[in-house]
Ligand SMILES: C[S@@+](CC[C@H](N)C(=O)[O-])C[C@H]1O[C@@H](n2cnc3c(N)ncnc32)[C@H](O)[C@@H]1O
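Only one chain comes next, encoded as structure tokens, the form predicted alone.
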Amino acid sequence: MTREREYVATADGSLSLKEPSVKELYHNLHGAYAEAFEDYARPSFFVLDRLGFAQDLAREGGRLTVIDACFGLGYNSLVLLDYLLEQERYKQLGLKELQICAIDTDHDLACDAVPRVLAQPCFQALSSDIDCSIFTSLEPRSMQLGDLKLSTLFLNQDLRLALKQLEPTYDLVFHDPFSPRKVTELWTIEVFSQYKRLLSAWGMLFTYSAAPAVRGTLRSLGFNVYKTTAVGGKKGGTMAANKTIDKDLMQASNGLIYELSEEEEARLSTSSALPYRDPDGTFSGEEIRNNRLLEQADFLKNKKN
């Protein structure tokens, strides 16, 4: 029997959903649309535009490839697409095709949520007669939206297994599970190592999380780590890039991207920055957290000696 879902309006009027299993909303109360826009769509477009993406894109046939990890209600991909279509911004990048690989274990939710989400007035650039099923298709699908081709595939799998099946290269990762404290198994160094393997030489990862464990793990893997703008009461999200973002570009972003503060940098030298580990991809969240507590205790003991 399909369980009844409780959709709720967030502060910007866009719909989110209560998830009883983790006792959290899928989105920031400030706004589901706002979170996807500020944490994922807008900063990724800005950096792609300013890093000379168009030249690299031309060599790749005009294709931008995205992993939408923990697709949920679909906001991150849908807002990105809406933003690219608005005023035909995709032409600014020389973009001819947007390719989205959506990953989630709740395919039924995506099928129920995407039509509801796209019916909202905040999605102005997406056609009202778009075939919503393209975003949840378990087989590769494509359709033409003006001069932009949209290609999609939905992987109804555990993220840890799905990532191992993918082949490089991807340009963007939108990493959006529930919080590290609730689904720790999706925030491990092994998961982020897969992203490192899959991303192109100038690829980028965006996530809403500012946790030192997340940022410390990303930096240990060789990513350049930055802070993205705060949404609602949050402290800001995280951007991890294979390329260095210089200070002039950060200043030009008008608050989209920052260097980490001195306090945030200091925390990356403490036990708080130690990664979550799941070497076999089989540990429960509780096991991962308990093992990390032991590793933190060893870290502190060694630091005293």
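Note that this is a predicted model, so its numbers are computed, not measured. Note that residue numbering follows the sequence shown and begins at 1.
Below, we refer to the form predicted in complex with the named molecule, which is not included among the displayed structures.
- Proximity to the named molecule in the predicted complex, defined as a heavy atom within 4.5 Å, holds among 245, 256, 57, 70 only for 70.
- In terms of contact with the named molecule in the predicted complex, the residue from 122, 109, 150, 210 that brings a heavy atom within 4.5 Å is 109.
- Comparing 164-172, 129-137, 99-107, 82-90 against the named molecule in the predicted complex, the single stretch with non-hydrogen atoms within 4.5 angstroms of it is 99-107.
- Though the partner is left out of this view, residue 178 does reach within 4.5 Å of the named molecule in the predicted complex, counting heavy atoms only.
- Residue contact with the named molecule in the predicted complex: residue 184 places no heavy atom within 4.5 Å of it.
- At the 4.5 Å threshold, heavy atoms of residue 224 stay clear of the named molecule in the predicted complex, well away from it.
- Contact check for residue 45: every heavy atom lies farther than 4.5 Å from the named molecule in the predicted complex.
- Within 4.5 angstroms of the named molecule in the predicted complex, the stretch 134-158 places a non-hydrogen atom from each of 157, 158, taken in sequence order.
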